[in-house]
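Before any questions on how it binds or moves, here is one chain, the form predicted alone, in structure tokens.
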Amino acid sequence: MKFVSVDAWPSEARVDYRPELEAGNVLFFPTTPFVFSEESQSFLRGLDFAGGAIHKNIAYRPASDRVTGTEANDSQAERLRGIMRDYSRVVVAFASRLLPEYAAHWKLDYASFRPLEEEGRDLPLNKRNDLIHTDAFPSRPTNGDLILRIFTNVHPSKTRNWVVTDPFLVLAEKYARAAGLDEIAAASASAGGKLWNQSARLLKTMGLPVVPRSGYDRFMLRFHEYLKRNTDFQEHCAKYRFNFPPGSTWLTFTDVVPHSVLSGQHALEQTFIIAHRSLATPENAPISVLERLCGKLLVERNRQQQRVA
């Protein structure tokens, strides 16, 4: 994997960075390529954080213009919402210029602020950031689309320190079957599995708190846990260390790039769900890799067609 530095933005010539990202690389901007005021950054750094077992971070939901994970008073909460809204909007504008092919079809997901020092955080194993993992969202299945995340280090002096390993393709070939790929693929393709997903989708339309998951999404959640619990993998996998300095921004597919955060405080992040059809190299997408390995569809054809519609 590579660390691709963009030293000038906007660039004079149009560059398609999709193949670099889809191959499992990190795109790095030494200087944040959009304006986010120091006043807003300072406000975020001074916030109290509820956190605990429920929230790892402060989250902003653009679709509902809502913030969770903070105990700020009413006036602070309103200002926080405005700051997170502004951050989300400037990142979306930047990403739309950088990756217009993705922007045509992406789904805007949550933004977040990570207020706490990552080193030494007391979290349950499945929520620990210092263990190498691929991302999967329990409550927001992607049905084979990809998770693109843009990060900004807003700490005035500390680097944010990551460790990554070889991309999903390499890990899937080595570990996917041990993590239960064939079992999940068979269950997903069965009549019972299809009936359950149809029922779950119906219940969700009725307002019930049910999460319909494709075989792909069930496997990605399982793989997330498998990697974190695999001590041999954590100790012996290839490791590439990146230290992101204050004022820098970086982006990567966090379901393609297995990663961990060893230390760092005060980072912002915006997530996008990237449509499979907008990829430059769809054969590198995790769903394509997994379906080749197991020889079965992990997302129903009608669900795939809905992604394209």
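Numbering starts at 1 and follows the sequence shown. Just so it is clear, the model here is predicted, and its values are computed rather than measured.
The following text describes the form predicted together with a small molecule, which does not appear among the structures shown.
task: Have a look at W162, F168, Y102, F94 for me and say which one sits with a heavy atom within 4.5 Å of the small molecule in the predicted bound form.
output: In short, W162.
query: Since exactly one of D86, D182, E225, D135 fits, which has a heavy atom within 4.5 Å of the small molecule in the predicted bound form?
result: Going through each option in turn, the one that passes is D135.
message: Within 4.5 angstroms, counting heavy atoms, which one of the listed stretches 233-241, 214-222, 74-82, 148-156 is next to the small molecule in the predicted bound form?
response: Checking each option against the 4.5 Å cut-off leaves 148-156.
query: Is the gap between N129 and the small molecule in the predicted bound form 4.5 Å or less for some heavy atom pair?
result: Looking in the predicted bound form, residue contacts with the small molecule include N129, since a heavy atom lies within 4.5 Å.
message: in the predicted bound form, does V26 come within 4.5 Å of the small molecule, counting heavy atoms only?
response: No, V26 is distant from the partner.
- request: State yes or no: in the predicted bound form, is some non-hydrogen atom of V261 no more than 4.5 angstroms from a non-hydrogen atom of the small molecule?
  value: Because a heavy atom of V261 falls inside 4.5 Å of the small molecule in the predicted bound form, the answer is yes.
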